[in-house]
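Here we start with a single chain on its own, the form predicted on its own, put down as structure tokens.
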Amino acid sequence: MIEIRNLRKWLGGSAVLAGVDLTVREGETAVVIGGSGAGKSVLLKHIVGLLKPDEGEVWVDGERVADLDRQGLARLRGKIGYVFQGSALFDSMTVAENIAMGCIGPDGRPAVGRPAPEEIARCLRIVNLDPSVMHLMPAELSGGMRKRVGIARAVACPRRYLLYDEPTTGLDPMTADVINRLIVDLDDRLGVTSVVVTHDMKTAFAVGDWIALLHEGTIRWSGSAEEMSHAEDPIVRGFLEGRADLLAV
């Protein structure tokens, strides 16, 4: 379980997170929506210990992340697959080499005997890519293929959690739908707990067991997709209808 309690973070003199409370239970796919600059990526970085709270607490599997030493953080990160915004592939590495980078040992270093070619092929099949692409460079891939390689890297070793940072940003609607379906399929097949941050309402409705709206540094609203469809909160309606006048309420 992931539990966030009264999380506050100031960056550049501004309160990006101003008291976030959020609980993600085992096996769920939680979606956090919000506008650009709302603090969604900052929230994810606290879960993996890349940032420390100025106030509040983040707990993962019963451990307070801020209390973990270097070895403890390495152990935590070994449980978590992180799908970066923009995929964040290394341009100078092949697809296979990028995927191998996702296999981290308990000491936080690349695992001994990194994935063999057959394991790389298995990871590619998981994300519905032909294993023949393992020898290609990122520049030779389409945007959707790069996203899928990023996901393959996140699942290169067994994970308990998958964190997705804007997984469909920059993709055309059909490719975005492919990624959304893949997220749902992976959650079912791998039995992972997932947190997806996005500003894309189609993604939120497609993948989320429940949705939380991050607005002005706090969770403004949370509930199921069905509940969100009928929510009367003007900020929620603004996101659903794409109306800036409501977001200013």
Ligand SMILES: Nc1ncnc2c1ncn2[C@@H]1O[C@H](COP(=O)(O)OP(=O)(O)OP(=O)(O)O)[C@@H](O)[C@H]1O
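So that the term is clear: the rigid core is the largest set of C-alpha atoms that superpose within 1.5 Å between two forms. Predicted model only: the values in this text are computed from it and were never measured. Numbers for residues come from their place in the sequence shown, where the first is 1.
Another form exists, predicted in complex with this ligand; not displayed. Remarks below refer to it.
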| property | result |
| --- | --- |
| is_contact(S36, this ligand) in the predicted complex, heavy atom dist at most 4.5 Å | yes |
| H46, heavy atom within 4.5 angstroms of this ligand in the predicted complex | no |
| This ligand contact in the predicted complex: K40, any heavy atom under 4.5 Å | yes |
| Proximity of T94 to this ligand in the predicted complex, heavy atoms at 4.5 Å | no |
| Location of this ligand contact in the predicted complex, chosen stretch of 222 to 230, 6 to 14, 19 to 27, 235 to 243 [non-hydrogen atom, 4.5 Å] | 6 to 14 |
| Non-hydrogen atom within 4.5 Å of this ligand in the predicted complex for each of D61, R160 and T193 | no |
| Stretch 222 to 243 - residues with a heavy atom within 4.5 Å of this ligand in the predicted complex | none |
| Rigid core superposition, G86 Cα moves 2 angstroms or more between this form and the one not shown | yes |
